[in-house]
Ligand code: CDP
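One chain follows as C-alpha cells, the form predicted on its own.
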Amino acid sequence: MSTPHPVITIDGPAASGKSSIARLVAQRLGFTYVNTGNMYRAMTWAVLQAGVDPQDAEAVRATAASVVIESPVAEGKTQVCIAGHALTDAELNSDPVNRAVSHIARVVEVRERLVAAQRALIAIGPLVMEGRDIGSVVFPDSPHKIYIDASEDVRASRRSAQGHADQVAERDRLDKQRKASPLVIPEGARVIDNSHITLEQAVEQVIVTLKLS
C-alpha cells in the first residue's frame, strides 16, 4: 500500500529493545513514534477490566467489539485512551496484561481492527512504528524495515530487571504460532542484534541503515 508519508517499521520479539530504539530514532528524525504494542495492551486491559478470560476467544471477540481505542499524539508520540481514559504505563505493563496480551492478539478480529487503526495513523505524518507485524502486515511496502533481535537469555534478564515476571519465550512462541499476523522477520528488513550493544549504538545502526538523517 502506498503512503503519503514515510513509515519506518521496527519489529522484534519481547524485550529486544525495539521500543527504546524506535522512540529515540523518532526523536532524532522528528517523526511521530507509535508503539503498536500499547494498542494491544490497551485492548487487553479493557478485556481484563470486563472480567473476561483472555483465553476464551469468543468472549474476547464479543467484548473487544465494543472497545474503542483512541491514539492522540502528545510530545511526539501516540497515547492510548479508552473511553476518555489515558492508560498509564503501570496499567499497560502490569503483569496481568503481560501474561494475557499474546492471547488477545491471537484473536483475528482484534488484529484486523487494530491493524486498520494503525494504518490510519499515517494521516499524522512521518512515523516510526514498532510492533510485531508492522513490516510484514501493517506496512509491508515500506522501504524502511528494521527487525531488532536479542538472545532469549538477554531478553529474559531485561524483563526481570524491569520487575516483570512474564516469560518472554512463551510470549514469543504464542506470537510466532498465531495464524493471524505471526511474528516473523519482514521481507527486506535489516536485522540488528541488540544483545550486547548499547542503546546509542543500536540507534546509530538504524539511522545509518535508513539513510534518512
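One rule holds for the numbers: they count along the sequence shown, beginning at 1. The model shown is predicted, which means the values in this text are computed figures rather than measured ones.
Not on display, but discussed next: the form predicted together with the ligand.
Enquirer: Among 66-74, 51-59, 29-37, 184-192, which stretch sits within 4.5 Å of the ligand in the predicted bound form, heavy atoms only?
Expert: Of the options given, it is 29-37.
Enquirer: Although the partner isn't part of this model, could you tell me whether Leu127 comes within 4.5 Å of the ligand in the predicted bound form, counting any heavy atom of the residue?
Expert: Answer no; every heavy atom of Leu127 is more than 4.5 Å from the ligand in the predicted bound form.
Enquirer: Can you work out whether Val80 and the ligand are in contact in the predicted bound form, taking contact to mean some heavy atom pair no more than 4.5 Å apart?
Expert: Result no; Val80 lies far from the ligand in the predicted bound form.
Enquirer: Taking the ligand as it sits in the predicted bound form, is Lys145 near enough to touch it, meaning that at least one heavy atom pair lies within 4.5 angstroms?
Expert: Heavy-atom contact with the ligand at 4.5 Å: absent for Lys145.
Enquirer: Does Gln205 reach the ligand in the predicted bound form, with heavy atoms at most 4.5 Å apart?
Expert: Contact check for Gln205: no, nothing within 4.5 Å of the ligand in the predicted bound form.
Enquirer: Mind listing which residues of 3-25 have a heavy atom within 4.5 Å of the ligand in the predicted bound form?
Expert: Pro13, Ala14, Ala15, Ser16, Gly17, Lys18, Ser19, Ser20, in sequence order.
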